[in-house]
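A single chain, nothing else alongside it, follows as C-alpha cells in the form predicted on its own.
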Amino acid sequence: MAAHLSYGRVNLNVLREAVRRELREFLDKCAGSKAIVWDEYLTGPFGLIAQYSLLKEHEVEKMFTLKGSRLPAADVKNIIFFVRPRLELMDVIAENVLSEDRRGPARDFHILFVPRRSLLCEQRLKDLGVLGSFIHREEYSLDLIPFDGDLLSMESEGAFKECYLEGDQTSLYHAAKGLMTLQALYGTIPQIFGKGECARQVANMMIRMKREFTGSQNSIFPVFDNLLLLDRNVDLLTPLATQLTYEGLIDEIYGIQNSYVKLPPEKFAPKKQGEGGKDLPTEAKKLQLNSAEELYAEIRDKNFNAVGSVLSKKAKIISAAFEERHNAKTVGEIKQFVSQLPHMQAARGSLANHTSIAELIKDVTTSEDFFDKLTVEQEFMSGIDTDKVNNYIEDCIAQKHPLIKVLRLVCLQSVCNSGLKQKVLDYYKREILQTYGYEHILTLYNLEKAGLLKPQTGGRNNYPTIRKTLRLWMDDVNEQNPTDISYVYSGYAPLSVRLAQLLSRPGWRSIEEVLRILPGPHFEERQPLPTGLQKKRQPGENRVTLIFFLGGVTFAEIAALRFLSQLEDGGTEYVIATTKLMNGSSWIEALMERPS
C-alpha cells in the first residue's frame, strides 16, 4: 500500500489497487518467464503504480528499453511490448520482431497498448508483416495515475497541443474514460460544472458513456460532491508566471518528472574533515518528492520566503531530540530512545536534503536577473506598461537569453494586454527571429494559434476588468501566514483557482460578466442518483470537489487549492486531476516546433 495516497478525504489507493490488479491479470495471461520491452516514456508513470517487485512476482525476469534493430538476448518464453499507440513506435517494434533469431528457441510476442488500442497502429503492424506474431494484443487503460493523496495526472505530454492546435480530441476521450473509471470506484458525481470548449466536450462524452451503460446502476455511495472541468485556455496567464512556492520553484529550476527530481550532486556529498573538495560525486542526486515525507508535506506548498524559518525550527527540534539521549538513565528510557531512533534519523536526513535544495534555490532567487524578471512579470500582472515594448525583454533578446524565457515573458505581456498592438507584436517577432533563427517562425505561429501571443483584436484590453472583478492582484500579501491564494505568486492569485473558489462560494452567478469575457461556454449538469444514495451532509462537513484541468496544471495552482482545502471555514476540499503536471517552460517547449 502507498500510505500517502490514503491520507485525504478520498482514498486514492483504491484506484491504484484497481490498476495494479488489471496489470497482474494481463501478466498472468502470458504464462511462463517474461521480458518487458518498454516505451521509455511509460517507465516513469508505471513506476508510480507498480514497482519492479510486483513485476518480478509475475515472472518478469528482464526489462529493456524499446530501441531499433535486434532485441537483447534473454532466456525467456514471452516478450511483452508496453507502448503508447504511436505509429513511429510500431516501426521499431516491427524491426525488433523481424530481426528475431529464427534459430533460437521460439518466443511468444505480446503487445499492451497504454492507454488504448489503436486500429491505425495495428494496421501499421499488419502492413509491416508482423501483426500475426502477437498472441495477445490488448489495452491497459492507465488514464489517471495517482501522484499523491489529492493529485491525479494522465501525464499526456501532448494534450494541450493536440486539443488547442491540432483539433485532436483523443486526450479528451481519455479524460472522460478516466472520469468514468473514478465514478465506477467512488460513485456517481452528482453535479458537473465546467468552463471552456474542451470542458463541454468532456462533459458530453461522460454523459454519452453513462447512457451507454444504462443497464448497470452504480450503487456506490458518492465520495465526490462536484466535478469542475476547467480548460487551460480559460487561464493562459497562470502557467507563464514564475511559481514562488517551494515545490513550484523546484519544478521551475530543475523540473519534477513523475514525482522525482534530479539535482546537482555536489550539495549532497557527505562532508568529511580535511578532505577539501576531492572525489565529488558526478551522478545527479535523484530524490522522490511526495507527501510520504513528513517535512516535504509541510513545506512544499509554502511561499519560498517562508521555508527557511520552518527548516531552522525543525533543526532545533531534531537536535534537541538527539540530546535527549544524555538524559536517558534507566533501561526503559534508553529502550524508548532507541525505538525512536530510526524515525529521528530519517527526519535528520530529510532536513539535510531540503536544506541543500533550499540553498540551491536561494542561489537562483537571490540573483539580480531573477529579481529583474520577477519585477517585469509582476508589473504585467498588475497592469503596468503592458501595451509597449518592454526594455528588459529587449535586453534579454539582445543578450540571447534562453528562447523559452523570452517567449514566456512576451506571451505573459500579450495575455495581460488581451493581445499586443500589431506594431509591438511585429517588433518582438522580428527581433526573436533575427536573434534566434528563422526556423522559429513555426513556433511563433503555434503560440499565436494557442492564443498566447497574438494581436489585440477590437482594440480593447479586457484584462483589467477580469483582474479587478476576480481580485487577481493583491498588494499586501502575507507570505509567512497567508490569508489568500495570491501568496503562491507573491501577489497574483491564479485565475483558475479563483474561479474554483468563487464557484464554491458564492457561486458563478456573481461573476457572469467575467465568465462571458473568458473563452468558451460555462455550464452545469446534474447526474441523478438512485434513491438512498443522496448525501446527507453532517453539520460542519466539507464538500469534496474534483477539479480537472484540461491542458495541464502547475504546482503553484495545486498549492493554492490545498490552501483553500485547509481553510477553517472554506467548506470545500479539493482533489486535483489533470492531463499533465507542467510549468511555463515545459508548456512552451511542448508548443515549439523542432527544426527537422
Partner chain sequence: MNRTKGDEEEYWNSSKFKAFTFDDEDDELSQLKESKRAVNSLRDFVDDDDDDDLERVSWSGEPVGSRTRPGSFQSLSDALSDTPAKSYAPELGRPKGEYRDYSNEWSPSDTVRRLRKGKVCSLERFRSLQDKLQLLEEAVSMHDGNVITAVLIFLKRTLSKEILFRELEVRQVALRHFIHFLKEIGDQKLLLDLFRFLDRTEELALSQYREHLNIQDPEKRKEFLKTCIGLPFSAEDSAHIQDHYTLLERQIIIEANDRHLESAGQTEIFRKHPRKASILNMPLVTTLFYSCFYHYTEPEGTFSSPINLKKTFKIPDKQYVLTALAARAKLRAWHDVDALFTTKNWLGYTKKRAPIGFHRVVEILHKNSAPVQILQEYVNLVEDVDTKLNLATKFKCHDVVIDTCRDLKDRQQLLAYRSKVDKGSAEEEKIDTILSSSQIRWKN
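Residue numbers count along the first chain shown, from 1. Computed from a predicted model, the values in this text were never measured in an experiment.
Form predicted together with its partner chain: not shown, discussed below.
- Only one of Gln399, Ser312, Thr465, Thr483 comes within 4.5 Å of its partner chain in the predicted complex through a heavy atom, and that residue is Gln399.
- This chain is drawn without its partner chain; in the predicted complex, the residue among Tyr254, Tyr260, Phe523, Tyr436 with a heavy atom within 4.5 Å of it is Tyr436.
- Taking the partner from elsewhere, no residue among Ala50, Asp75 and Leu237 has a non-hydrogen atom within 4.5 angstroms of its partner chain in the predicted complex.
- Shown alone here, Arg211 lies within 4.5 Å of its partner chain in the predicted complex, counting heavy atoms only.
- Using a 4.5 Å cutoff between non-hydrogen atoms, Pro455 does not count as a contact of its partner chain in the predicted complex.
- Using a 4.5 angstroms threshold between heavy atoms, Gly459 stays clear of its partner chain in the predicted complex.
- Within this chain, Asp476 is remote from the site of its partner chain in the predicted complex, having no heavy atom within 4.5 Å.
- Note that among 346-354, 125-133, 223-231, 489-497, the stretch whose heavy atoms approach its partner chain to within 4.5 Å in the predicted complex is 125-133.
- Contacts to its partner chain in the predicted complex (heavy atom within 4.5 Å) from stretch 442-468: Leu442, Tyr445, Lys449.
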